[in-house]
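What follows is a single chain, given as C-alpha cells, in the form predicted on its own.
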C-alpha cells in the first residue's frame, strides 16, 4: 500500500478556547481559523501557552472550555480511543524533544509510527520518504549515531509517514543558527506543501515572524 498524500489538508478551528491548570489560566484564544492546506505560525514567548495549544490541536489535552476542531472533527468530543486513532492517521507531530526510540533504527521508528496507526509498513514508500529527506543512507542507523540535523529530519519523516492532513511542529528552530533555521523551516514547508497538509509551527523564534502567511501571536502570561 502506497503512502498517499493528503488529498486536502485539515482545517483548524478554535472557538472560545480556554485551558486552566489548578485555577491558573494557561491559554485563552477567542477564535482562530486555518484553512485546509495553509501554513501558520504560533508565535509567543516562553510560558505563553504555545505547546499547550499544540497539544490541544493534537488531541493530547482537552480544553477547560471552548472547542478545537481539526478537519471539522471536535477533538474534545471524541472518545479517547477514537481520538488516538484520529491523531495517528491525521496528525503528524514534530516534538521539541524528538522522542525517537533509541532501540530502533531510523526505518524502524517510521515502521513503528505506521504500526501504531494500524497501517501497513509500506516499505517502498518509507524508503522514498527517507530519500526525500536525504536520509536514505541512514535507514539502518540508530538515533544515537545521528547528527542533530539528521535526528531532526528523522522526526520530521516520522511525523509525515502516515500522510497526515495536519502537521504540527513545536520549536523546531530554537537551537539552530540562522542557516540551519532557514533550512529546517523550508524543509517543513516544502514537505507539507508537497503532501497538501496544513502546517502549524509553534515557536518563540522571532526570525520566523514574517515567514508565514498567517500568524497567531500569543502574549506573555503573568
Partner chain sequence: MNLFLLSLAYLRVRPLNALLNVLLLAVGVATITALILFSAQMRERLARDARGIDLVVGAKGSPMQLILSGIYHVDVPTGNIPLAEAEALAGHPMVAAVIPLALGDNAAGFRIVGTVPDYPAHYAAAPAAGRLWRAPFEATIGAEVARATGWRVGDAFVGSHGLAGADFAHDDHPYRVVGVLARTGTVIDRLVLTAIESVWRVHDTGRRETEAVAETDHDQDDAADEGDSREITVLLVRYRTPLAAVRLPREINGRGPLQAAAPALETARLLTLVGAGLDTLRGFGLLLIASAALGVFIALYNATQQRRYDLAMMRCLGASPARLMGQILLEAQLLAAAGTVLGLAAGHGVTELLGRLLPEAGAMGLTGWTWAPEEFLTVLLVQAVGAVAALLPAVRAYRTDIAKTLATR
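Numbering follows the first chain given and starts at 1. A quick note: this is a predicted structure, and the numbers were derived from the prediction, not measured.
This protein has a second form, the form predicted in complex with its partner chain, left out of what is shown; the following refers to that one.
Heavy atoms of residue 147 never reach within 4.5 Å of its partner chain in the predicted complex, leaving it off the interface. Contact annotation for residue 60: at least one heavy atom lies within 4.5 Å of its partner chain in the predicted complex.
Taking the partner from the other structure, its partner chain in the predicted complex has a heavy atom within 4.5 Å of a heavy atom of residue 87.
Using a 4.5 angstroms threshold between heavy atoms, residue 55 counts as touching its partner chain in the predicted complex. Site annotation in the predicted complex: the residue of 132, 76, 112, 139 reaching within 4.5 Å of its partner chain with a heavy atom is 112. Taken together, the three residues 93, 101 and 116 all lie with some non-hydrogen atom within 4.5 angstroms of its partner chain in the predicted complex.
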